[in-house]
Ligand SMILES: Cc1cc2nc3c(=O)[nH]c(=O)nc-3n(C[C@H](O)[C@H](O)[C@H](O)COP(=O)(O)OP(=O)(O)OC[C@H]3O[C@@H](n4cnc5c(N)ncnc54)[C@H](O)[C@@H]3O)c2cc1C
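In the form predicted alone, a lone chain appears below as structure tokens.
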Amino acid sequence: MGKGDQLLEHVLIKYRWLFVCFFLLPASFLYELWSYFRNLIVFKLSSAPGKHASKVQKVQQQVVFAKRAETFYFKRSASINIINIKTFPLTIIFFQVREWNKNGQQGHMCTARPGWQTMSFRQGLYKKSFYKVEVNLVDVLEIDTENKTVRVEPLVSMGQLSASLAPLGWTIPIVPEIDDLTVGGLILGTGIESSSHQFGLFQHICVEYELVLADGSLVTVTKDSDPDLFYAVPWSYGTLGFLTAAKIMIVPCTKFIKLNYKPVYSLNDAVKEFSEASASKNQFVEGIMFTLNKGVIMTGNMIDEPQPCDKVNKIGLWHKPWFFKHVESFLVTGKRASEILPLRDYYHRHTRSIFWELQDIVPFGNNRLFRLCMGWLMPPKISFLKLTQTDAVKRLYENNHIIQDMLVPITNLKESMQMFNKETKVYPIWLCPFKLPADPGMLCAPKERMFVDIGIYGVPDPSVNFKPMETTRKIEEFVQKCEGFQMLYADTYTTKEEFRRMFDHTLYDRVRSKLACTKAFPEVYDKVSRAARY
């Protein structure tokens, strides 16, 4: 590496905030503005439902081209729905046959969505070699208040969905807090929120899935119509078919929430207070630990309207302190406190600072002057941050940064915190309880149990001698011994055998065999393991 390259690498690493502030923030703002008005117009005109079938048809056509191009003229499968053979131009079919043969008749497919647009920390290597299928499905299709459901396409984001439902007095029971998280990612991967101690994971509020299968057929499944496929879809990471729509439960909501803050000053107290809150009837429960022994446990409930004496804290305003910093301030007073927040501000409370990740990218981002002047541009889009990462920045993150969510039984919370402190000493740490029902699937429990998501995001303390692979493997081994699970958006260093011990593949394997997925899609491990990403 020449001196010029070394200087550029130094600037890009040490002063990345320059690029973020003066390029990515304006670009992110313009993109969000365009997206907002585009979604608003489509929603108001109600044009999405009428176009959904034709968009799904295009997905089916691509799948048929990839898997059956050679024999399509000679025998049309009876299982292929909707597609009209007259809609297939000869030139397109011949082109697809040529491309398919040129690639050695490789059957594995994936979506054409670029890896940098996903929430996963790394981009998948498989995107370079698999047959890519365009699945551009981004709209809210139907809000059915009578049956209390909303039907959406897979690329609908949490910010988009909450903005569509809240003005009508409805919400989904679980609203993961980062705006850009999509319905498809939360179903095929997983999603969690501070209401999960009552409702479970995101998959547990879904009542119907629409998928294009490996043979090009379109199916709509519920737990009654096809329980095997219905319960196999979550955590399948697009290895059973292409999700084209989902129907999700909705519940009535108010405009405000009363949030209670309780500081704790020992690990024992933190575990006790958090466990009791998780078993309570509060609608929202979460914790943020700022050291091993100091944290704040929060509980909240929706309220109709603030009382005249209540002050509403609009934490979503651009000039307000980042939420985790606001929470940390209650450790200074040492007293319990309550305040009224707008519900949508609460739902997306961690978006502006991307939890606490943004403090490493823009160190002065929570400075009052910066918030007043440029806070309205925050945050930069995570996809743009990934897209503009240089190799030097990627190496820096890989060797000095950890992003993991570990799901362990709440009875193992204390020893888990001690273990993560010993191996990473990363703070703050996010705690979110969730109920795991005794449903079949990748996360299979013999009986309903309460778990906790321990979110570790940041730079490990130099004293722990952090080594990405060795440290993560120690954590994975510990979580597996606790009969816990690892969220798969982050680096997974388990072997295939270890992965299969952590996640129950019984139903998944049966469904893959039944739907002839082996040649069409890889296994989950082959898409999420560290070796499958770069």
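Residue numbers run from 1 along the displayed sequence. Predicted, not measured: the structure shown is a model, and the values here were computed from it.
Beyond what is shown, the protein has a form predicted together with the named molecule; the following relates to that form.
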{"item": "Heavy atom of Pro227 within 4.5 Å of the named molecule in the predicted bound form", "value": "no"}
{"item": "Partner proximity in the predicted bound form: Glu32 to the named molecule, non-hydrogen atom cutoff 4.5 Å", "value": "yes"}
{"item": "Distance check, Ala48 to the named molecule in the predicted bound form, heavy atom within 4.5 Å", "value": "yes"}
{"item": "Touches the named molecule in the predicted bound form: Ala392 (any heavy atom, 4.5 Å)", "value": "no"}
{"item": "Partner-contacting position among His348, Lys425, Lys247, Lys258 - heavy atom within 4.5 Å of the named molecule in the predicted bound form", "value": "His348"}
{"item": "Residue among Leu413, Val140, Met419, Ala214 with a heavy atom within 4.5 Å of the named molecule in the predicted bound form", "value": "Val140"}
{"item": "Partner-proximal stretch of 321 to 329, 263 to 271, 291 to 299, 155 to 163 relative to the named molecule in the predicted bound form, 4.5 angstroms, heavy atom", "value": "155 to 163"}
{"item": "Residues within stretch 291 to 323 having a non-hydrogen atom within 4.5 Å of the named molecule in the predicted bound form", "value": "Gly316"}
